[in-house]
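Read the single chain below, which is given as structure tokens and is the form predicted alone.
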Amino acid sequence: MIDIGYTQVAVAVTLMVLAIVLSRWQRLGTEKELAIGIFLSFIQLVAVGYVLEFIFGLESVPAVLAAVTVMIIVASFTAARRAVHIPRAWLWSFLSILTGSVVTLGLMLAVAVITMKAQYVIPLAGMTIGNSMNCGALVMERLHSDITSNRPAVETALALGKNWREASHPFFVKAVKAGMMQMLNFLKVVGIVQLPGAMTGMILAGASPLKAVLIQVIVGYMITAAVTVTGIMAAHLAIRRMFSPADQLTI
């Protein structure tokens, strides 16, 4: 295994400096965000590292569940920031991400593909929740944007006798597909164009490439299932809030 320490991390910071220099040169205006990101990402990741070492040492199921719950709550707030025009967006994000995560992780635990140990559950939950968060945020944002910009078409459909579900269905489909696009592209090129994080990490740690591939297949399918469940549920919950009980567009 490659020996990694703070010295190597300091060397890697030069890559971030390069990004800042290029941003300044091209007048992108992202220098401040990149600089803050260097500091925050380092502090957050090191802090998380110490917390995970503590949780791993406990080998406590309640501690694992508490950590996953915190991850879901933070992800829900983050996703809701992109859907500020949807009432109670945080709640819909929470329910969607929770459902997607429970379905996938629960199934893997039920069939004993993984065990209820912190070293398995927390990393897999992190990847599942993170991708679900991105999907849910994009779905809700896209729904609101498309229905708002196509308000005359939606209201015409309602006036012709369609209910809210029928009038909004084309935008529902487009929003969910947009939220799933990253995973759909990932499935098409994984292993050829992109070597994913789980697989790369195992190989760098000295694991057999074939074993790393099999683990990555499981992780990829878990994330895809979670994203699909989250995207569909977020779309259903959010789109219903855009119509009154009398099938009138309210946004």
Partner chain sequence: METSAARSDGTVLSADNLTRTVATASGDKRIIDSFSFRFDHRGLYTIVGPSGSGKTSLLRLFNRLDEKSGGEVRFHDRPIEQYPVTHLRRKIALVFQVPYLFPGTVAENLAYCCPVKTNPEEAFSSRYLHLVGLEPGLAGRDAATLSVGQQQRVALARALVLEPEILLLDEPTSALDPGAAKTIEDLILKLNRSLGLTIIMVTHNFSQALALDGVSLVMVGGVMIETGRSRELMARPGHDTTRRFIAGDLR
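Positions refer to the first chain, counted from 1. In this text, all values refer to a predicted model and were calculated from it rather than measured experimentally.
There is another form of the same protein, the form predicted in complex with its partner chain; it is not shown, and what comes next is about it.
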### Query
Would Q8 count as a contact of its partner chain in the predicted complex, using a 4.5 angstroms cut-off between non-hydrogen atoms?
no
### Task
Mark D146 yes when one of its heavy atoms lies within 4.5 Å of a heavy atom of its partner chain in the predicted complex, and no otherwise.
no
### Query
Does the 4.5 Å heavy atom contact test between K177 and its partner chain in the predicted complex come out positive?
no
### Task
Flag L109 as yes or no: does it have a non-hydrogen atom within 4.5 angstroms of any non-hydrogen atom of its partner chain in the predicted complex?
no
### Summary
The one option of A153, I114, M127, V103 with any heavy atom within 4.5 Å of its partner chain in the predicted complex is A153
### Task
Could you check which residue among L91, V74, V173, A159 gets a heavy atom within 4.5 Å of its partner chain in the predicted complex?
A159
### Query
Want to guess which of 21-29, 239-247, 8-16, 224-232 is within 4.5 Å of its partner chain in the predicted complex, heavy atoms only?
239-247
